[in-house]
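The chain below stands alone, shown as structure tokens; this is the form predicted alone.
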């Protein structure tokens, strides 16, 4: 049995698809930090069968758009004094900016190397967004 203490103040990212916790952990740069963090993989879950979980013993700014894009079923719990004070259920963002790149070689954003492109969600089931300049669909 592994025992991981509860945190006093920080963030718990819950309901991560099993096997995806390491990607989120690394994308958040948690492998480089000096404070306490825990990545717990393959936790038995009644709702999901198994899940991953990340505990962060610190206040950090999370990019909820990026997290929602990585796994729209995540729950972010804010913990203060050892208790959950806020639960944030994520979903796919309707619009994202500066994360995706247009795959159309003739799009102005590709030709002029524009990086701050806005994409709009058109197919939530398949995570398909369209480029603001040429409407080319891009899978997130």
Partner chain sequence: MLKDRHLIQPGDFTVGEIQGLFELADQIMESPEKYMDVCRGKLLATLFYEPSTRTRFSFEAAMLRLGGETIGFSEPGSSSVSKGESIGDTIRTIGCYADIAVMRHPKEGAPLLASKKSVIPLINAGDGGHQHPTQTLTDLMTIRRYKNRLDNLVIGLCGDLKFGRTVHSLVKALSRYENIKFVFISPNELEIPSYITDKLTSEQYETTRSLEGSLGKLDILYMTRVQRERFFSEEEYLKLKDYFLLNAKKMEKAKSDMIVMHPLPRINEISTDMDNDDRAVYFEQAKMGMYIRMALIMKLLGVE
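Since we're looking at a predicted model, the values are computed, not measured. Residue numbers count along the first chain shown, from 1.
This next part talks about the form predicted in complex with its partner chain, which is not shown.
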Thinking of its partner chain in the predicted bound form, which stretch from 24-32, 78-86, 65-73, 108-116 has heavy atoms inside 4.5 Å of it?
108-116
Could you tell me if residue 135 has a non-hydrogen atom within 4.5 Å of its partner chain in the predicted bound form?
yes
Interface membership of residue 42, its partner chain in the predicted bound form, 4.5 Å heavy atom rule
no
Does its partner chain come within 4.5 Å of any heavy atom of residue 36 in the predicted bound form?
no
Would you classify residue 104 as touching its partner chain in the predicted bound form, given a 4.5 Å non-hydrogen atom cut-off?
yes
